[in-house]
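The chain that follows stands alone, in the form predicted alone, written as structure tokens.
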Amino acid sequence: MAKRANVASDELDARKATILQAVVAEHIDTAQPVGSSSVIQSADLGVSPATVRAEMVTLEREGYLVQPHTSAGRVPTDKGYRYFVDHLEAGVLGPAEQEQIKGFFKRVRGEVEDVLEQTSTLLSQLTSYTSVVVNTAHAHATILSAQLVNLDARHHLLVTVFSDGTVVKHSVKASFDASHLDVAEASKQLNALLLGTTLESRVQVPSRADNVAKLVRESVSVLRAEQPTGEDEQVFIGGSSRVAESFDGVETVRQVLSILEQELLVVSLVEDILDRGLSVAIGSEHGYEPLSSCAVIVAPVAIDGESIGVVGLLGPTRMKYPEALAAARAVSHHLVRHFGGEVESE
């Protein structure tokens, strides 16, 4: 079941709830107003058409449905979608989609940025919605490995691997000629010194005057010089072209694309949804007027309780919620396994 919004949502009796769910499900499939005859066909209610029409009028009066045109059927409001989402059973991906995800994570290689960029494309392909993958800053991630590689006598490469899966490379330029043995010993000492620390940790660097100590000090200095800030999140958007397919109005498409181009705004949007304890924000719930016709689904990516990012989906409020939620959660789960070092089973 999706995490519920922090808004009042009156419980409906079983019949009204069944009717509302039938209207939402059909409107998601058809994008058309739903009439009482369609509800009777799709829901086994055991009541007359007049009773169904009366219940739909009540649902409209209570704010769950709206009638866009006289004598037309009804469509869900944001409140109607919220009730539908809050009462969803956990969705399950089909076998083909599950195999697609497993196959992707068996094959994908590269640094964390490359993996997340490819993951955003995967998530969009799975759902036909625009995907958002956010890689949070690694200021609090611990260092798993720090290796110094000799390029030539005065130029070296520092490769640091963090617990969030990030691999950071820095050039280290020395003011003296260092031998291969010096670099190898400095790398050994550097790894021992930094293992398990964060970029904010204080470490006791050697004060000796020999070449090995100098290399260690210079490497630590280079690594600390680029501490992440709160604005270091990276955002990867998959399937931006799907915005035009998802929304009818040209102005709506333009506004949504404009939001997606602003990385800090995207980060703020998904993090705010998570901070409020939600997995889905519908229409005006997320507080961004240009996205009032959108729904946003988010799933955190965390290793050992430490956030390394967020995956999300953006689509119309008539999004296929069960499938989209299942896809976002499955991709989040596999990202955790991938960066946590677990091997995908056959």
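Numbers follow the displayed sequence, beginning with 1. Just so you know, these numbers come straight off a predicted model, no measurement behind them.
As for the form predicted in complex with the DNA, it is not shown, yet the points below apply to it.
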- [ ] Considering the DNA in the predicted bound form, find the one stretch among 68-76, 270-278, 243-251, 193-201 with heavy atoms no farther than 4.5 Å from it.
- [x] 68-76
Task: Contact check for Arg15, Ser36 and Met56 against the DNA in the predicted bound form, heavy atom at 4.5 Å - done: yes
Open item on the list: Against the DNA in the predicted bound form, would Ala31 count as a contact residue? Criterion: heavy atoms within 4.5 Å.
Closed with: no
Open item on the list: So in the predicted bound form, is the DNA close enough to Ser48 to count as touching (4.5 Å, heavy atoms)?
Closed with: yes
Task: Residues of stretch 184-216 in contact with the DNA in the predicted bound form (4.5 Å, non-hydrogen atom) - done: none
